[in-house]
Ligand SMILES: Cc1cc2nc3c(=O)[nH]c(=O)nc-3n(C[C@H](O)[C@H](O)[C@H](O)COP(=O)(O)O)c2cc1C
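The chain that follows stands alone, in the form predicted alone, written as structure tokens.
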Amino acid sequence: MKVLGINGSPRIGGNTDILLDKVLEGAKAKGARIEKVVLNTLKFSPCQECQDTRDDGTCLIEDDMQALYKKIEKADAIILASPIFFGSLSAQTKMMIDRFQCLWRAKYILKKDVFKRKKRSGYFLSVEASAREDFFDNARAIVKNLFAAIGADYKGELFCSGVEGKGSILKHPDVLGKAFELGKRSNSHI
């Protein structure tokens, strides 16, 4: 079982990063092979809505997204983590999601299953400083669209509001416990 964690926060060691690490720790405790990708360390461009596209669902832009596409395709479970910025996902997370437009086109317009493999599970983690539940709703809708495109069943989520300062998630041991348990579940929910 391979669990891939994707951190969409620009802040290493921040609340999103800590929460994702706790989920991956839980998955590893149940025997999963884990890998973590930090989007802010990758070199990739936003979607260019290319005029000439490939019909196989692959993107024309050659950058670090090419390796990430392969990691996602091989994963049994995807844990996507993003802070809430201005009522939605971080720019890094949204930029990555938009780069799946080519795959979306192949799947829904051309009716081609690009990620030809067994089902995978998808989980979404998010933290935000305010207490606006509608911000989580907005972010969730975007993540669910991504998961549908990549063939991941949306299996769960963990949201924590009222978390602003770097590392202040550590003051929420109940949320960290839920994150560890979610990680354990991610190793068995295919």
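Worth saying up front: this structure is predicted, and the values here are computed from it rather than measured. Start at 1 and count along the sequence shown; that's the residue number.
There is another form of the same protein, the form predicted in complex with the named molecule; it is not shown, and what comes next is about it.
A.B. asks: Pick from 44-52, 149-157, 59-67, 123-131: which stretch has non-hydrogen atoms within 4.5 Å of the named molecule in the model of the complex?
C.D. replies: That would be stretch 123-131.
A.B. asks: Just to be sure I understand the contacts: of 78, 84, 97, 102, which is the one whose heavy atoms reach within 4.5 angstroms of the named molecule in the model of the complex?
C.D. replies: Going through each option in turn, the one that passes is 84.
A.B. asks: Exactly one residue in 34, 39, 163, 143 has a non-hydrogen atom within 4.5 Å of the named molecule in the model of the complex; which is it?
C.D. replies: When the named molecule is considered in the model of the complex, the option within 4.5 Å is 163.
A.B. asks: Can you tell me if residue 11 lies within 4.5 angstroms of the named molecule in the model of the complex, counting non-hydrogen atoms only?
C.D. replies: Answer yes; at least one heavy atom of residue 11 falls within 4.5 Å of the named molecule in the model of the complex.
A.B. asks: Pull the contact list for 131-150: residues with a heavy atom within 4.5 Å of the named molecule in the model of the complex, in sequence order.
C.D. replies: Only 135 sits within 4.5 Å of the partner.
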